[in-house]
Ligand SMILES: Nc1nc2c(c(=O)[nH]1)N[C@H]1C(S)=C(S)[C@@H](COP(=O)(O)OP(=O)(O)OC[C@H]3O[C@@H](n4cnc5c(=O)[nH]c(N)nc54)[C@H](O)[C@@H]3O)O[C@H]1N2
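Below sits a lone chain in structure tokens, taken as the form predicted alone.
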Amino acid sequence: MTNSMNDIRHSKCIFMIGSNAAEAHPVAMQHILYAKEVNGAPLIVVDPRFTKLAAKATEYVRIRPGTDTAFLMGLINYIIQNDWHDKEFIRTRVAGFEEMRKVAAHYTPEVVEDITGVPKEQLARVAKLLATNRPGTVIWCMGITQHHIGSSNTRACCILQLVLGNMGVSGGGTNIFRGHDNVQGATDVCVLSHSLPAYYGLKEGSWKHWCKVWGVDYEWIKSRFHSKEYMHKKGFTLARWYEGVIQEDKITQYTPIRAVVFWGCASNSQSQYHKLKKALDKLDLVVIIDPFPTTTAAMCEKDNVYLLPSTSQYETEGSVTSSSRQAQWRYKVVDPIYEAKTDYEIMYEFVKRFGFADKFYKNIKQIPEDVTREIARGALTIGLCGWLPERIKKHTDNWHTFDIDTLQAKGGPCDGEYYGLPWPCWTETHPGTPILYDISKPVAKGGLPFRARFGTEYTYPDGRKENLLAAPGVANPGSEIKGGYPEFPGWKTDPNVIKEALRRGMAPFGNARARCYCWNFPDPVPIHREPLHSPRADLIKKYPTYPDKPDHYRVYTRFASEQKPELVKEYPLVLITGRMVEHMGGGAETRSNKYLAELAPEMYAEINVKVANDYGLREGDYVWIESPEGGRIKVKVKVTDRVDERTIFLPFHFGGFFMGRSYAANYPEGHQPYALGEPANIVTNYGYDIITQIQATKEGLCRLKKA
């Protein structure tokens, strides 16, 4: 997130695509509605479904699922063709514009209408709104990311803002609302399979850096792995770990997975859930660490499950990171009840039994403060150096001294600092960086250029060379170099280099141009590729997917071999999933709350009036929804015009049923949730992003049968 939720109050235009903030992020709506109602900012909502957010829109755009890149590139092309692009911003701070322009030219209003279903007149209207109301913000969520070309979707959003010159300014930016509390923090410390904390990757130098931070011997860490090859190899992802057990697709792993730990994680949030259940029943060990017995616990029918009760957020404390890159200190409100232990205690018990507590806690004597200090000491790449627990607590204690519009403190003990010290916060006196890539302020005062990550020059396939550093005269105030410059050698591992860069008024990671052309991606410029399971068989040949990808996070991943034009004949309806305001994630906590369960007690499927009539269905009838992979769920019908005649919507928060059968008796006595239902992800289709392997839950196919 380049800006912040509060900064949306300064936006002159709000473009939301694949986001239903009214239900998924209701607190953030105060800033969105402030910009709309006070500033008069147009609110553009792009979504296959008429959501509660769409009801607030100035312009609602109904788009065919899986066609976001085509729509975005169409907007970019129309803006360029009408000479509305920010030429000076592009000239001085953008690389690869000409290569991108050539690709975007294909996406004429007529082509976009054919692909997306969005009328060409509406495309033109939206493009003009974006061009005439600047700065504008672009906001997205899982409706953009959870596609097999999700990485192209996000890049197209960024390119749109570069073309408009909306980056590095208040009211602009690309702003991704995260789905859960502290998702940004979990990402930053990389609770993922492909990198060490702070996005260092898995190279030998990265391991040696963190070994130095942890105070442990590199050779000892290396000895913990099966081999050095696996020390540097990406692991299974959350989306497909179960393939390491059932092996329906070939895995690149020396042994199948035999145990899994779900730590605050809802398995029913994962696509093709019926395959995940196969894995649960094959594993030797399933451990669930959660305040509530989850759907996962009920789904396991083998005597291999251990429930470890953990505390809620109110019974523990520590630092968390918001979507806006802000640190916040969460204080303990009450002591834990019954046998629940904090995550810190549970981790200690594990580490002690594994026999390396002396190494694990070498720098950690005071919990959780020393944990935060250790992260700050190591995470130089994102500039967490200034995130001392004392500073974070001071911000939380004095939140009332921060301005709601600028997030900067006016007087008091935090005077001049930005709330939560948004990263990068380069030193112990740095105020934080409220807006990424803002060159109007000195780096030491929260300004920042684009990062230089890919060298100083690039030669394109046609032989053209381009300077990748910012143009002469483009730099933050006070910079010793009045223009672009490469990164400072050693800044990722030496905080003294960072301090020296700031002393010179410069960013340690350099001053570069943002790239429209990413040569290290499968598609250097984002292009439309038809969903793997497409309702438009006629477009598959014209816009095919990628070749299959072996060893994609240790699993053979199908792309071209999975894209079957004939599939739509048997599965004619498009399936999408999303959130409800009453429930959260997998729903373990919210469905166990009797008041929320009273508001939203049942799983359902939103079906268009015409579809209901064609299938002989009425409101409240039960239907079977079936996926091409063999998943099926039995749910109630909600007849509505929120979805069109080709689309079915399912909320993904439910659990406790499985393919028509109740698993209520499998919960521990007295712990059955008040609201039970079929997990929507039983019928979400096969499909994973080409870069991240995030699951594609927003572009599948299904069929209906009356129950």
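Computed from a prediction, not measured in an experiment: that's the story for all the values here. Residue indices: 1-based, along the sequence shown.
Keep in mind that the form predicted together with this ligand is not shown, yet the notes after this line are about it.
Not displayed here, this ligand is approached by residue 292 to within 4.5 Å at the level of heavy atoms in the predicted bound form. Within this chain, residue 325 is remote from the site of this ligand in the predicted bound form, having no heavy atom within 4.5 Å. Contact check for residue 420: every heavy atom lies farther than 4.5 Å from this ligand in the predicted bound form.
Among heavy atoms of residue 17, some come within 4.5 Å of this ligand in the predicted bound form.
Of the candidate stretches 303 to 311, 406 to 414, 275 to 283, 609 to 617, only 303 to 311 contains residues with a heavy atom within 4.5 Å of this ligand in the predicted bound form. Proximity to this ligand in the predicted bound form, defined as a heavy atom within 4.5 Å, holds among 492, 583, 552, 93 only for 583. Of the candidates 482, 102, 180, 228, 180 is the one whose heavy atoms come within 4.5 Å of this ligand in the predicted bound form; the others do not. At a distance of at most 4.5 angstroms from this ligand in the predicted bound form, none of the three residues 345, 382 and 506 contributes a non-hydrogen atom. Taking this ligand as it sits in the predicted bound form, the stretch 66 to 86 comes within 4.5 angstroms of it through a non-hydrogen atom at 66, 68.
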